[in-house]
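One chain follows as structure tokens, the form predicted alone.
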């Protein structure tokens, strides 16, 4: 009972999310005629969840320990500063998505189903929270499925549009295949080791009698499931269609929160299962059973290259940002490739910046789509003259996504390149730099339409409400501020390196 009580104290944020989910479902039934209270319940729930997450800074421990594990009494979940960081990323993006939803015409047209919408969002949040902290492969799989099932429905939430239904179906099919591959890989690892706990597996795969071919095959299958979540090539094919067809609010949520949870899972999986030692310089020494470095280098280069070159000829802004999101997954993988604390710091910094600039870009697309009913690039002709605030803010977000100073995107990429140079991976750094140059073309193309094409009589004038203007500025200002004064986000990243190890 003592162990159970301690475990419950360690998962208070997850308990709060579960409670709010139930309250939302009940509120939807009680207030079925007037659902204006539901967004406020959801917002309050996220704020309370964030407070409980922040309260876990500095706390380390295992939840739901089992006595059957003989090496040490490890649990199914690890609570540490690393997990707290990514839960805050998910919480912050969830709160912003609530504001986006309030401003979205797509979502407001489905007022009779608002209860379902917010309940599904909390279902995703709960799955992501468990993904971030999971150290047992069964819990990893269940949490991924919890998040995925909610996101499949949300991708097709606006049922009246064909492309929305298509997005949901494609997402479901790709998700089912990746989940099956991952579960097959997990079953092979369990058959070889007799355990699903990552810490126990770490000690068992070092045995001389381990079958390296079977283990490598299983690891590739497991990575397929995780790679699908982070939109890394060659598991990225669902991303453009789903991002284009889903409501813009859900597209933005998937591009940041889902990707953050996937990366947190991948980092914890590799560091917990395959790292045997960390030296005084912060470099990781991997167990000599599977060579992660060439695999991750190849996937990261393929991901960023395919993402950037595919985005070059996209005329739909949501689709362009989808390919951009794939490219950024490639950049983020570079921070993991170096296998050091320096690379991990770079990933954490990048995610803070990525949250601001990517959600900001999707917000502008949503506000323009509210007025024009379209996300095509031609709708942005003359936007710099008709809606200066939106155009300037969009320019800031796009320049930051490119990685140019004085925006925060430059700081994110700078720390990634520093980590690569410190690891003497100059060739990979040069490829990443060339990819950034390629990305400049399709971002600048949007600026050309906004400022170098004169508005005509048919050009729509987008005048956002006061609340939306505040929301735009709340995202654009930090992108500029952190581009000049970035010490706070660097300090935060350095304080969140703690991943419970052996």
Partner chain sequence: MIGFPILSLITFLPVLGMIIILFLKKEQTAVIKYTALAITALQVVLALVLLMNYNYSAAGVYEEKSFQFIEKFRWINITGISWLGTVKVDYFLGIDGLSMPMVILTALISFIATLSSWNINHSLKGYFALFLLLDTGMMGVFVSLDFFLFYIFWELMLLPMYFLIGIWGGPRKEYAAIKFFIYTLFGSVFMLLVMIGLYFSATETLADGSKVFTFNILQLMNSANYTADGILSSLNPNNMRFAAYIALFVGFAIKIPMFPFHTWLPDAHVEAPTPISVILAGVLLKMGTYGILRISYPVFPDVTKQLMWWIALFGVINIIYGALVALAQKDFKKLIAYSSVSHMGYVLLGMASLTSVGINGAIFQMFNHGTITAMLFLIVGVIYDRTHTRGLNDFGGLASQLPIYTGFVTVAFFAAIGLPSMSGFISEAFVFVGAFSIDAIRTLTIISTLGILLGAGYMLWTLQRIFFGPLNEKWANLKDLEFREYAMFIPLTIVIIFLGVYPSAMLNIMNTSVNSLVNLLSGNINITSISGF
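Residue numbers count along the first chain shown, from 1. On a predicted model such as this, the values are computed, not experimentally measured, just so you know.
Note that the form predicted in complex with its partner chain isn't included here; everything after this is about it.
Q: Sort through 274, 82, 417, 238 and report the residue having a heavy atom within 4.5 Å of its partner chain in the predicted bound form.
A: By the 4.5 Å criterion, the partner-contacting residue is 417.
Q: Would you kindly say which of 289, 429, 295, 103 lies with a heavy atom within 4.5 Å of its partner chain in the predicted bound form?
A: If I apply the 4.5 Å criterion carefully, the residue I get is 429.
Q: Might residue 27 be said to contact its partner chain in the predicted bound form, defining contact as any heavy atom within 4.5 Å?
A: Looking in the predicted bound form, residue contacts with its partner chain do not include residue 27, since no heavy atom lies within 4.5 Å.
Q: Is there a heavy atom of residue 373 no more than 4.5 Å from a heavy atom of its partner chain in the predicted bound form?
A: Close contact is absent here: in the predicted bound form, residue 373 is far from its partner chain, nothing within 4.5 Å, heavy atoms only.
Q: Hey, in the predicted bound form, does residue 59 get a heavy atom within 4.5 angstroms of its partner chain?
A: Although its partner chain is absent here, residue 59 would stay clear of it in the predicted bound form, with no heavy atoms inside 4.5 Å.
Q: Taking 4.5 angstroms as the cut-off for heavy atoms, does residue 436 touch its partner chain in the predicted bound form?
A: Flag for residue 436 set to yes.
Q: Flag this candidate site as yes only if 205, 269 and 347 all have a heavy atom within 4.5 Å of its partner chain in the predicted bound form; otherwise mark no.
A: Contact check failed for every one of 205, 269 and 347.
Q: Thinking of its partner chain in the predicted bound form, which stretch from 375-383, 315-323, 278-286, 358-366 has heavy atoms inside 4.5 Å of it?
A: Single hit among the candidates: 278-286.
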